[in-house]
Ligand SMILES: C[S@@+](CC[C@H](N)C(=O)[O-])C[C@H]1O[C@@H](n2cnc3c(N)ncnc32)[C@H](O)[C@@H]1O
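Below sits a lone chain in structure tokens, taken as the form predicted on its own.
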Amino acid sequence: MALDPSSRSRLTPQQAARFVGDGLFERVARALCAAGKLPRKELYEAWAVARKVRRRLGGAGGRVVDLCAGHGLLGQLLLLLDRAATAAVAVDRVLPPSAALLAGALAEAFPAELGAGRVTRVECPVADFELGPGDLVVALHACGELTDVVLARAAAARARVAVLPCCHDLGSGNQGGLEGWIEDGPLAVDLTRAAWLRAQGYQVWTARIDAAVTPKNRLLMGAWGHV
């Protein structure tokens, strides 16, 4: 029986045998199973996002800055997928204690790509972390208005950006006056975000990841100056 990709139960050492083969995903999954700390959903969600972001925004080099990072898995996966990327930084106000353990497990499995200081963790408000135009800014767990903070910070730096919004707060979220046409409030918020990003001089791309992983599956990506 296939594992449920939306499950929040932790990957365990016993499940490692379910990930057979020498593909990158299977190798990553086995390393995370051995650590025994990561919710299964985070693996499938981060992998799905990383592949689409790499395809659209990768290859330009620079840091991967994972804001509202939690365990910082998305940044590390992009570092594995994108050979041009130079480093990954996981930034959050408070990082979970298991973030270091998971990073160590991945570095042991992929020493050339994730070892030797190529992955760092920083605890600070995401609005305080300094970004640059060469960065690839990603956010997978930026709840509510934090997604707007990430977009604003990336746009101010003219950095590439990708967000998978969640936990939309319709009380404070900007629906762009679309409420009369669009009954789906979270969709209206995300459409307004895409329009705002384009207005900042960004080329915008939209995509979805598999809804079997998460129903909050709208991916918004942008690169400045390519309109």
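As the structure is a prediction and not an experimental result, all values here were calculated from the model. Quick note: we count residues from 1 along the sequence shown, nothing fancier.
The form predicted in complex with the named molecule is left out here; the points below concern that form.
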* Option touching the named molecule, based on a heavy atom within 4.5 Å in the predicted bound form, out of Gly62, Gly70, Gly36, Gly185 -> Gly70
* Asked: Which residue, Ala156, Leu101, Cys143, Ala87, has a heavy atom that falls within 4.5 Å of the named molecule in the predicted bound form?
  -> Cys143
* Might Asp92 be said to contact the named molecule in the predicted bound form, defining contact as any heavy atom within 4.5 Å? -> yes
* Pro111, heavy atom within 4.5 angstroms of the named molecule in the predicted bound form -> no
* Report whether the minimum heavy atom distance between Val126 and the named molecule in the predicted bound form is within 4.5 Å. => yes
